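There is one chain below, alone, in structure tokens, taken in the form predicted on its own.
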């Protein structure tokens, strides 16, 4: 059934989206604060589940592309998304009936909520990634043939419309160039499609899952009980069964930039004398692989770091030596394991980059 997001729920979704970001996706706190600053106590945002989406609706995906670090240093006014949607509707001559998140991991889980609040539009319970990925085209929407263009891009000082005549590759190139030349990030309105097309291309239920996860984290109670509740939340979703990999402390962190990507590795030693006494984790914007002599977990599955006491998620930017952590792995939705999707997210090239850094 449809449900409504209240002002109190924004914090829950913000926290849950950080879990689904796998250490990337940007810090949700800035967007959370922006939404709360304009949301009245009695305001609500309508959320539509997949089976209620009408086939004849026109739906667009909403997000922020580029550097999340620069985004946090140059916070938006809150008007950019609304300007982007107005530009999209004017240039494409089509009214938008509903919104969906490009990616549920990180700040982009909240981006459509701000626009939905301002324009009184419903948000569809789902997204195009099921986690965080580093590139605009790494979506199930693109995988299923929904074109990125027409596309509107807006920053605080500039805007650009990319027409439907552009291929998705051309649109991505133009969008990256625009973002790089305008502060390193941009608000995005694109991947427009009918409700029927969106329903066959999206990952369903991820917004509600983010809400549930955030509410569990902030609830009172024993950490073991809350971990079981987190596991139950994933079991009742499109994801696989959660596994606890290790409880321990970070002994070493190495972090650097490679082609505008945060790359690095860290080591964790277990508090117990059981298997997985020491593991190595590599990251590329998100936590990427876990090694225990051999690769045992890797993208697209979700690798999640939580504070051992609060259970709040930790990002690749914030992880520090001597932190006490819990590491979880959640199998990604089945579509992310298909050959076509693995090709789309360049798994082979990513492993080669990590291997090159290891050998140096």
Partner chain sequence: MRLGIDVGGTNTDAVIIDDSGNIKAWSKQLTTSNLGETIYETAKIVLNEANVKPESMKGVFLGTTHVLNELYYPKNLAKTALIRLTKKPSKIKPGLFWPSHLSKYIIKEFHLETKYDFTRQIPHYDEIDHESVFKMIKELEKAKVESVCIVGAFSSFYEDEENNLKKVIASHMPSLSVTVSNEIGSIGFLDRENASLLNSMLSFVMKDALSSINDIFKNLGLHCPYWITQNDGSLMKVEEAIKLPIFTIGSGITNSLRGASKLTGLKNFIGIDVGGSTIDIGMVSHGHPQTEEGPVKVLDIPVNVRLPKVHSLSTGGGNLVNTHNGDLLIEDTIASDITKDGLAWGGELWTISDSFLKIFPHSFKDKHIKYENLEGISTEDCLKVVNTVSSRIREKIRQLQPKDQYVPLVLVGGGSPLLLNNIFTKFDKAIQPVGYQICNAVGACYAPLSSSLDKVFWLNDRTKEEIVEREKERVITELIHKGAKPETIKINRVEEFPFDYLKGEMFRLKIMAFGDL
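Note that this is a predicted model, so its numbers are computed, not measured. Positions refer to the first chain, counted from 1.
There is another form of the same protein, the form predicted together with the partner chain; it is not shown, and what comes next is about it.
A.B. asks: Within 4.5 Å, heavy atoms only, which of 165, 170, 232, 77 is in contact with the partner chain in the predicted complex?
C.D. replies: Checking each option against the partner chain in the predicted complex, the one that comes within 4.5 Å is 77.
A.B. asks: Considering only heavy atoms, tell me if residue 55 and the partner chain come within 4.5 Å of each other in the predicted complex.
C.D. replies: No, residue 55 sits far enough from the partner chain in the predicted complex that none of its heavy atoms falls within 4.5 Å.
A.B. asks: Determine whether any heavy atom of residue 73 comes within 4.5 Å of a heavy atom of the partner chain in the predicted complex, and answer yes or no.
C.D. replies: Yes, residue 73 sits close enough to the partner chain in the predicted complex that at least one of its heavy atoms falls within 4.5 Å.
A.B. asks: Find out whether any non-hydrogen atom of residue 67 is located within 4.5 angstroms of the partner chain in the predicted complex, and reply yes or no.
C.D. replies: Residue 67 belongs to the contact set for the partner chain.
A.B. asks: Classify residue 292 as contacting or not contacting the partner chain in the predicted complex by the rule of any non-hydrogen atom within 4.5 angstroms, answering yes or no.
C.D. replies: No.
A.B. asks: At 4.5 Å by heavy atoms, is each residue in 122, 334 and 339 next to the partner chain in the predicted complex?
C.D. replies: No, the candidate spot makes no contact with the partner chain.
A.B. asks: At 4.5 Å between heavy atoms, only one of the stretches 297 to 305, 59 to 67, 46 to 54, 326 to 334 reaches the partner chain in the predicted complex; which one is it?
C.D. replies: Single hit among the candidates: 59 to 67.
A.B. asks: May I ask you to list the residues of 320 to 343 that have any heavy atom within 4.5 angstroms of the partner chain in the predicted complex, in sequence order?
C.D. replies: The stretch 320 to 343, when checked against the partner chain in the predicted complex, contributes 320, 321, 322, 324 at the 4.5 Å heavy-atom cut-off.
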